[in-house]
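This document starts with two versions of one protein chain, written out as structure tokens and named structure 1 and structure 2.
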Structure 1
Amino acid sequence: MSTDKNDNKIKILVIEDDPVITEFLCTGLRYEGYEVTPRTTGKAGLDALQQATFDLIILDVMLPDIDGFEVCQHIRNHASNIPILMLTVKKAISDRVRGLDSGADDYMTKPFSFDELLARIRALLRRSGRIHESKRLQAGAIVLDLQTREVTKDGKKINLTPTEFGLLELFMRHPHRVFTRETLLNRVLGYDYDGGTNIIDVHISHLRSKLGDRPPRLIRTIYAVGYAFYPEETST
């Protein structure tokens, strides 16, 4: 769970008018332990800021009323130091520059990887002092370095693909939690992936093979549901 130093949930305001993306963001962020407040217009987002305190804002640019650039400038003009991550289909360098000049701390384009989004959120929260996070995850002999994106087992490097790394990081952050194939698909391949969920089984098989994960497994198959990670198990 993502918490601040007072063990309260990190509060994220999502200002996004696309219902599919909003649902994807809210579901994924709440899964990570964040408290999420969604708003679908710039005005509603600004009203929410008047009513509650947030630790981070995810802001779309193409909103139905006030565009995200104006919303961002309005927030900054009121001396707010809340980290703002712009999330938009606008990919031109000029749009990125305008977003950052308007006061955004980071700028991501759609479609996006949820794992990358989470990494950027954690970076912004660390920079603002709202969280203090370890740079490594460890489960027995397996060590995952979040900075170098290297994985080792018993000190020996394991070469993982970005998808395999994303799966392992998700499992190590949430031991014992059961993930459906649909959730894993959305988390590591993105909300816009239109293939079947069987691809997750293929990636899990490759990850197990590289980890030398034999019964009793670290990555357990939960029949008719998905997968869960049990770090107390050992693979020899």
Structure 2
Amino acid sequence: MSTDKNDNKIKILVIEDDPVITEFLCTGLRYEGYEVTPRTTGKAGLDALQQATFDLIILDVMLPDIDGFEVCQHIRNHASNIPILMLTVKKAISDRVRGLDSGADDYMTKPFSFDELLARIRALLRRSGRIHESKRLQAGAIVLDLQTREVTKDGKKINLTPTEFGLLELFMRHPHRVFTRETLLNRVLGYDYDGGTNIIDVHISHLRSKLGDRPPRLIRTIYAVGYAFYPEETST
């Protein structure tokens, strides 16, 4: 479950008829802190749009009732500028053109990578001004600059390896959330990393010592599960 404390979560409408794709989209997006409403037909999707407001629509092209392009046009005809991300199996350029013509903002072909989907969603939200992603993350005295990939604590620069940087970024993006070693491994070193999870303990201990992290720690060990990040409450 998301540990995001923010109550006005980003709302995403998913219009997709394949149950398995809908399932993983909902689960994965909820984990990222989005609020997801799934609908399986174009008509149901349009109905949902009338009842609530959404920040983004993920729209499959092949729907059982109305064609995805038509749904898209329909939404645009009602003068809505919600960002729309289309999903399709067709690789044809003509389809892509048609998708963008009918008013979609972006386009992804199946099978897509979930990471890329998240990146596209973030980009679309940023472009439409629905989120203002800062270029820096801050937690107490620690500041992480996403652009220069520099970390400072109390204004002093700390040198981190890319893996350590990735870990710290993940922790700072999801404060209080408990990560298993397995998840940390997958997220930071990639899904196809083959080594044991002990390597995560090594990276964590390096990170702790570089941050000068003493008990009560910022990065806490959760017994028999993994690690979680608790930023200092006394923020400046």
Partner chain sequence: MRAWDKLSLRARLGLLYTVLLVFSVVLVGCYSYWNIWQLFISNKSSQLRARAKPIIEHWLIDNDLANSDNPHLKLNPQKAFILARDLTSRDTVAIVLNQKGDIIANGKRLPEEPEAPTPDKHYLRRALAGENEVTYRSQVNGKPVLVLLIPLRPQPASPRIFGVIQMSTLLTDIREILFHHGAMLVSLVAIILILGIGTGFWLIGASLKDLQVLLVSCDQISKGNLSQRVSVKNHRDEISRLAVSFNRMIEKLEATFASQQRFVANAAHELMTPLTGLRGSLEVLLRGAQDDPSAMARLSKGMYREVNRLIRLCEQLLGLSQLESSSNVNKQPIVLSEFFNEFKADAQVLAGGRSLTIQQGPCVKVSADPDLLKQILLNLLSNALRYSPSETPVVIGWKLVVGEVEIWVSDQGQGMDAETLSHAFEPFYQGKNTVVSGDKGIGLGLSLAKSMVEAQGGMIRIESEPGKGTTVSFTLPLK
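Counting starts at 1 with the first residue of structure 1 and goes up one by one along its sequence. Every value quoted in this text rests on a predicted model; they were computed, and no experiment measured them. If you superpose the two forms and keep the largest set of C-alpha atoms that fall within 1.5 Å, you have the rigid core.
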> So which is it, 1 or 2, that shows the form predicted together with the partner chain?
Replying inline: 2
>> With both forms fitted on the core, check whether the Cα of residue 71 differs by 2 Å or more between structures 1 and 2.
In response: no
>> Given a superposition on the rigid core, I'd like a yes or no on whether residue 29 shifts its C-alpha by 2 Å or more between structures 1 and 2.
In response: no
>> Once the core is aligned, does residue 161 move its Cα by at least 2 Å between structures 1 and 2?
In response: yes
> Can you give the C-alpha shift of residue 173 between structures 1 and 2 in Å, rounded to one decimal, after superposing the rigid core?
Replying inline: 3.8
